[in-house]
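Just the one chain here, laid out as structure tokens, in the form predicted alone.
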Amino acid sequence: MVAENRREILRVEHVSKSFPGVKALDDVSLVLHENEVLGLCGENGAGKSTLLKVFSGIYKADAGKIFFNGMETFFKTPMESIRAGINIIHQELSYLSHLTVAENVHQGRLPLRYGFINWKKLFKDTKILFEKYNIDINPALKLKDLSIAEKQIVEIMKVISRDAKIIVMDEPTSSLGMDDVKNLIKIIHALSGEGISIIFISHRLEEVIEVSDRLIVLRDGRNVADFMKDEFDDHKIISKMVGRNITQIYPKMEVPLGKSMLVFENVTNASIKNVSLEVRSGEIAGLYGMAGAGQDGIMAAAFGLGGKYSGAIYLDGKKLRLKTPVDAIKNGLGYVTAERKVDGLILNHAVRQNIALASLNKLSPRGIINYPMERFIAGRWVKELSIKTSSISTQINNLSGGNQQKVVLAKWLELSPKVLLLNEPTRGVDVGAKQEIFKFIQEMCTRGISVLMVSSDMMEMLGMADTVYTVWEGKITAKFPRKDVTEYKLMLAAINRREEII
């Protein structure tokens, strides 16, 4: 059934929203039909998140109207929109780590008996919900014991468990492996078949194209395109998103590779086993595997976060003894973590303060921060990395995801590291910013910096890595030079079926 023949459930008409110095939404309109999957695309800063926050009661629009089930509506708070049936799965997860999976799923709606939590019913209801959608997570586990991918699944189940009429998924696959993504797409189709309408946002364009019935593109806070299913074309969509043609998303440069910089020799700790790898000067070496396969453990070990280990780690020929991140930093390592808003940035601090975070010893040798130097450093990196911000004093949480990620990069590059560890460097980053980030990383490689990169995006790994190591259950299963690696080989090695590779 085409969207035009479906009943409208949500209509946004000519909505505008401004913040100091920024017009986030400029006359934006949107229609969502009953049991439709609507893809919403746009670069970071295009206005997607602001639009979601307007019709979910987080922000009040400066102009325009919102209609829900045919009636003009204004939600004063997010709770009002949730009660009406609009549920958003935000990119930044809102879970309670010390509680169980079941408690998180039924947060605010725990079943009671005689005034006490009915634990038997709670776990039973959660198990039934998980079985319906083929989710294999123990409801009794604590959230803190789950992987990032599993936490994302729990967040999705929490929203599904409510009586939702509309579910908005903002980058729901950013931390999921390929199998989890496939399962999520099945869940989305099942929900649509049950009459639920879905707005799906992802920077992985192939996912948006696969799952959506219709697709809207925002650019600079305005509507620029509306595609029906039979009109989907990734080149046209990307062109509309960025306002220009991007012929090569992964702008790979040929950089001469030099001497060994980072070397693991049979490194073993609580999460990895006998890992051996090498990253040469100017090289981008990739770690690829399914979610939770051990890539994070390797990165943690390289940055002094993996605890006690056996084997040896060398940097530029020197054997290291990494007990803490301070040891790693002193020896020339920098680490861009997978969750920038959790452990990469201080969200209520300014851009200049975040860029200076790793350089405080240099900026305050006598315990007093040299603020003119801090401003100089921040201004230089804002210019060099093309960070879009109204001021270096702008609070970091007012920046788009791509610009936040550039700030994290700047923080470490200011230290001139010998090796840069990149864990999901373009998660939640649009196609334009992704191209800019990788272009700059490669320029750093021409200056001799080495990169060890984790990415769950196979095309990103194929497009950027000079060498790819596959990881499974904490072990390296294969090593592929760039000229030999293919999607087929990478996937087989990542699921430990190396013997099938021809």
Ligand SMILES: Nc1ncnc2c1ncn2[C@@H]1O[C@H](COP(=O)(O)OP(=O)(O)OP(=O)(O)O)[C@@H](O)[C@H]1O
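So that the term is clear: the rigid core is the largest set of C-alpha atoms that superpose within 1.5 Å between two forms. Numbers for residues come from their place in the sequence shown, where the first is 1. Bear in mind that the values here come from a model prediction, so they are computed numbers and not experimental data.
Unshown form predicted in complex with the named molecule; subsequent notes refer to it.
Chemist: Looking at Gly401, Gly282, Gly432, Gly286, which has any heavy atom no more than 4.5 Å from the named molecule in the predicted complex?
Modeler: For this set of options, the contacting one is Gly401.
Chemist: Which listed residue (Val451, Val471, Val54, Ala46) meets the criterion of a heavy atom within 4.5 Å of the named molecule in the predicted complex?
Modeler: Selected option: Ala46.
Chemist: Looking at 462-470, 443-451, 66-74, 22-30, which lies within 4.5 angstroms of the named molecule in the predicted complex, counting heavy atoms?
Modeler: Selected stretch: 22-30.
Chemist: Answer yes or no: in the predicted complex, does the named molecule come within 4.5 Å of a heavy atom in every one of Thr50, Tyr59 and His203?
Modeler: Verified in the predicted complex; spot residues all in contact, yes.
Chemist: So in the predicted complex, does any heavy atom of Lys165 sit within 4.5 Å of the named molecule?
Modeler: Contact check for Lys165: no, nothing within 4.5 Å of the named molecule in the predicted complex.
Chemist: Although the partner isn't part of this model, could you tell me whether His90 comes within 4.5 Å of the named molecule in the predicted complex, counting any heavy atom of the residue?
Modeler: Heavy-atom contact with the named molecule at 4.5 Å: absent for His90.
Chemist: If you check in the predicted complex, is Lys388 within 4.5 Å of the named molecule, heavy atoms only?
Modeler: Flag for Lys388 set to yes.
Chemist: Select from 224-238 the residues with a non-hydrogen atom within 4.5 Å of the named molecule in the predicted complex and write them out in sequence order.
Modeler: Nothing in the stretch sits within 4.5 Å of the partner.
Chemist: Would you tell me if Gly401 moves between the shown form and the other one by 2 Å or more at its C-alpha, with the rigid core held superposed?
Modeler: Yes, the C-alpha position differs by at least 2 Å between the shown form and the other one.
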